[in-house]
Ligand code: AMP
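Okay, here we've got a single chain as structure tokens, the form predicted on its own, with questions on binding and movement later.
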């Protein structure tokens, strides 16, 4: 190769119209493009569609080896133009028939991760109709780079660099902050982020700043291997899993103060808890600079605090509240559920049943705040294992206190301890009065 040239492999295929003619013409035009030299071309092979799509004919596939002075994005532009000249309509539906498909597999040894282009191609090693032609062209597949997801980062500077690459590449970036011990509730946040964003990052960090001196920081469940498997299944692109020392150096002294949103309920029972939450989330936002951040509605007060902090500090981030995920019997999913003893696990459904009882009364016409709260407390009183910390009816969103008298909606919130397991377990739950209008 001459100076400035890069060795490139492009996979090509066609399953619509005159397949051989489409491919022959595309290869001729590639070779005639200034800055591109065709080195070798594999034999053609037939393959069937991989994945789900409409019924369609077999593909003719192969791989071409190129030398080019074009940038990766410029080469991608050439490929897209050739697809259009062959009659392919862009953007094209996924897994539909196409007269021409050109995929950039390798661009030298570079790793590129932008909205327009991911190199190495994320799934090249899963496709025999790509692997076999690469072998024919003398490529050592075992030594070839692969796009691995999720990539795991510990140092903040490396995670920040990955997010910067996505942002520079025009990606919409979604962030799912967690403390690990992931379950179906977390997975639902990742699924929503996956639908809405080009790239999804999850954070796994048990934040010491939000634990009080008598709380369970040391005993909080940790399972990074299991968490990474869930992230992979959910299609997460990167996981940020720093150590405490990497997040907070010995001289760390900048803490976020929180106001009205943190008062009462958890804020009254857990001193400095929400200050710790706001501080770590602000730090994660500063490192990742996402467009959107996803939080579960189970921790409704935490969500209100984060929304307030985001507005007050001017983070240009959309906070997305995601619905509570429940077990079949109504218990809200929580990382702490694993510590419930058998008897407490059976008793824990009382929280959701109490909230549903008041919600049903609201749907049937009850509007008095204190009467609705009394209904929740009455149901909770039937379960002696539940040590109730609070029952509240607050406004939606900001969770402002509602005065006595009639209400036109709101969110019921409850917290209770259960002591039958190896350690006491505090459970939170909440429910909007206006959900479930079919209860009448």
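Keep in mind it's a predicted model, so treat the numbers as computed, not measured. Residue numbers count along the first chain shown, from 1.
Keep in mind the form predicted in complex with ligand AMP is missing from the figure; the text below concerns it.
Although the partner is absent from this view, residue 238 stays clear of ligand AMP in the model of the complex, with no non-hydrogen atom inside 4.5 angstroms. Using a 4.5 Å cutoff between non-hydrogen atoms, residue 115 does not count as a contact of ligand AMP in the model of the complex.
Although the partner is absent here, residue 324 is a contact residue: one of its heavy atoms lies within 4.5 angstroms of ligand AMP in the model of the complex. Put simply, residue 179 is close to ligand AMP in the model of the complex: some heavy atom of it is within 4.5 Å.
Partner proximity in the model of the complex, defined as non-hydrogen atoms within 4.5 angstroms of ligand AMP, places exactly one of 225 to 233, 184 to 192, 158 to 166, 307 to 315 at the interface: 184 to 192.
Contact check at 4.5 Å (heavy atoms) against ligand AMP in the model of the complex: none of 263, 272 and 274 pass. Scanning 296, 99, 242, 120 against ligand AMP in the model of the complex with a 4.5 Å heavy atom cut-off leaves one residue, 296. A heavy atom within 4.5 Å of ligand AMP in the model of the complex is found for exactly one of 289, 333, 151, 146: 333.
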